[in-house]
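Heads up, the chain below is alone and in the form predicted alone; it's given as structure tokens.
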């Protein structure tokens, strides 16, 4: 039997992992530079952590299991916000104001895999707690944009689509929607772009909603709200307003969002959202903590990597693999005996060192192998070893010197 990875998961060979780590490096750098501290939580949580807010219907979207003699239900985490809210609630009033946290954990969703959506994925989560002003929303958005810019994307490639849950709700209610239908309508609006128009109309009719209430979202609609006016000013202060636009078709499906919400999209609309987030001012309180305003986002690696590759900003990862500083080859019997000791000497001096495992003594072929590794230096262990000497070749300049052991490390590091 030929074993394969489970459907919706990925194997990361060295080049693949280098590409992922390149993205993670930009995420982590943007977070730390903006003053966020990294956190992590368990890979699985009590199932109730997810059902308490979203209801039992979410169970079908989770990898859940029962343990502890069949008395306790758990689920692999599909997102990080509930874990963060639980952790914040545990800290209670001891939380600093603001508290700025980020994480880059693995997440799991038991959904049908499709382009841009897998069952296991990395997600960058950035959250700011304790500030109820839209200035916090702007800082969080600016952190996301900083990472995307570091990866080579520009405001021509990316748009941050910003909305407000209260504005969207008012537009729906003013259009004739019944109050009791609001949550269902918000959920449908959130999924509208992800389904054909006829399927959307069918689902709206099945919910007993007049399709005309969604008419205002067919075009760019202007609406005012104090939070959005303040946010626009802040976005200009951060010099990121050119990356952003107000778009009230954005609602975010999760019910814990309370105000400003946003999604980050590739400008051409060819992929799913790169990131999504917003304000969730009452979630921590729901988990037994104090009333703490909060805003954050999640950015998955799957869609972002698709966008970066489409823009020619992320190759197959081979060019991102770490390259050695020194490559050691043996050109003599003495060299065969000394190669392990030499490699150990160099590695103990914190030099990234690799060696040839080939049996040939053809120096030309061995130097080709060294050059293909992209090493800066090659050390040739030849007959000179009998005199305590090492031949060092600079693979960039092709210069070659013969050195005593005592001078070897200093030469390589200089």
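Here the structure is a predicted model, which is why all the values come from computation and not from measurement. Positions refer to the first chain, counted from 1.
Note that the form predicted in complex with histidyl-adenosine monophosphate (HAM) isn't included here; everything after this is about it.
- Picking from 122 to 130, 333 to 341, 232 to 240, 156 to 164 the stretch near histidyl-adenosine monophosphate (HAM) in the predicted complex, with a 4.5 Å limit on heavy atoms, gives 122 to 130.
- Mapping the unseen interface onto this chain, residue 256 counts among the residues with a heavy atom inside 4.5 Å of histidyl-adenosine monophosphate (HAM) in the predicted complex.
- histidyl-adenosine monophosphate (HAM) in the predicted complex comes within 4.5 Å of a heavy atom belonging to residue 280.
- histidyl-adenosine monophosphate (HAM) in the predicted complex is not approached by residue 77, whose heavy atoms all lie more than 4.5 angstroms from it.
- Using a 4.5 angstroms threshold between heavy atoms, residue 86 stays clear of histidyl-adenosine monophosphate (HAM) in the predicted complex.
- Only one of 209, 228, 136, 302 comes within 4.5 Å of histidyl-adenosine monophosphate (HAM) in the predicted complex through a heavy atom, and that residue is 302.
- For the options 170, 192, 91, 117, the one in contact with histidyl-adenosine monophosphate (HAM) in the predicted complex, meaning a heavy atom within 4.5 Å, is 117.
- Residues 273, 274, 275, 276, 277, 278, 280, 296, 297, 298 are the members of 271 to 298 with a non-hydrogen atom no more than 4.5 angstroms from histidyl-adenosine monophosphate (HAM) in the predicted complex.
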